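Just the one chain here, the form predicted alone, laid out as structure tokens.
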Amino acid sequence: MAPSTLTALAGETTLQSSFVRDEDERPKVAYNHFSHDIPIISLAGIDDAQKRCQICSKIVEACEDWGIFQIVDHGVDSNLISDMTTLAKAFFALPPEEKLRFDMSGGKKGGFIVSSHLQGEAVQDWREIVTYFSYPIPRRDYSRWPDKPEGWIDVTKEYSEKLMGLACKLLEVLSEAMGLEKEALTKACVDMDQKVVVNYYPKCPQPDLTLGLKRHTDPGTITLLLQDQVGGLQATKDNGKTWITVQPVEGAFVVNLGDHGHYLSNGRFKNADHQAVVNSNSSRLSIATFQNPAPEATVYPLKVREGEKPILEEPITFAEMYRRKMSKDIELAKLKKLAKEEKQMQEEEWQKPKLEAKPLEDILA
């Protein structure tokens, strides 16, 4: 049974079993053991032809290497960023009953939820989230947008708009990097969806046994992540053999390329393989803005370079791509759960006292 909020659990000395991950999924690197492997790229002068070319080549290198980079001088007002994070912290500090007014369990679109782990998944993530479905604008349902603390809705509206603009600017650069017209990637998204997910990772009694967010790749085009200075975002580029913790940079956005961006580039740009870890010293806040194509958008490489084959057999819709990804994840979770149960049964079997073998004459007597 999922807890109503994590506030009560954060004060306990041991972790509830529903949050305990298998050994192979547990953190391998500390939340504050930072790496400088992820490039920090300044967007200053991006509209100047010569500088744009230099910025473009840095972004391409990062996308081919990790599928992740950080951007500074991005033009999003630091006061807006500060307001967004201050109001987010104030929301998570509210009493449980206030947060639960916007409970989104049971399939509601937008609001508050604990963990938000996959259906069929045995283990929960150590986080609370608030989600805003922010684009397309006509489909916003403000009744699902938390109205406390006061002013958060207005700030979120402005934040969503500025990040949509920034995402489109980055997609232009990636289009040019692929040798396409600069609107190519934005057009491939049809009517771009945007979802803002505010993650709160409270202090955790046994952080070495769990994850704030399990290992995954984002399904969409690109994700812009604002993180505080605590640290906890981790990335791998060798399928989980080695992990690094991304160095937090004040006011920067971490840009993660998603599966859709990976497919459109025919696999040239990596989809960022990442997770979030937690700690027992401080809570952590991050705000992820997912830029996704419309459900009916076609997913297929926009350009296949000479000598390469398309990495998809046929064009599919983004909705179908997402459905397949979720089904695969749920199937893997089920298989893992079954294997675990089977192993447990075998161990119990081995522990049963072995019946002593009787001499043959006793059996035949």
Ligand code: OGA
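Remember, predicted model here, so these are calculated numbers, not experimental data. Sequential numbering from 1, following the sequence displayed.
There is another form of the same protein, the form predicted together with this ligand; it is not shown, and what comes next is about it.
- Within 4.5 Å of this ligand in the predicted bound form, do we find a heavy atom from each of Arg127, Leu213 and Leu225? Every listed residue reaches this ligand in the predicted bound form, so yes.
- in the predicted bound form, segment of 175 to 183, 236 to 244, 286 to 294, 87 to 95 with a heavy atom within 4.5 Å of this ligand: Contact criterion met by 286 to 294 only.
- Would you check, heavy atoms only and a 4.5 Å threshold, whether His274 touches this ligand in the predicted bound form? His274: yes, in contact with this ligand in the predicted bound form.
- Task: With heavy atoms only and a cut-off of 4.5 Å, decide whether Ser265 touches this ligand in the predicted bound form.
- Result: No, Ser265 sits far enough from this ligand in the predicted bound form that none of its heavy atoms falls within 4.5 Å.
- Give a yes/no on whether Thr131 approaches this ligand to within 4.5 Å in the predicted bound form, heavy atoms considered. Looking in the predicted bound form, residue contacts with this ligand do not include Thr131, since no heavy atom lies within 4.5 Å.
- Item | in the predicted bound form, Asp218 touching this ligand (heavy atom, 4.5 Å) | Because a heavy atom of Asp218 falls inside 4.5 Å of this ligand in the predicted bound form, the answer is yes.
- From first to last in sequence, which residues of 169 to 208 have any non-hydrogen atom within 4.5 angstroms of this ligand in the predicted bound form? Heavy-atom contacts within 4.5 Å come from Asn199, Tyr201.
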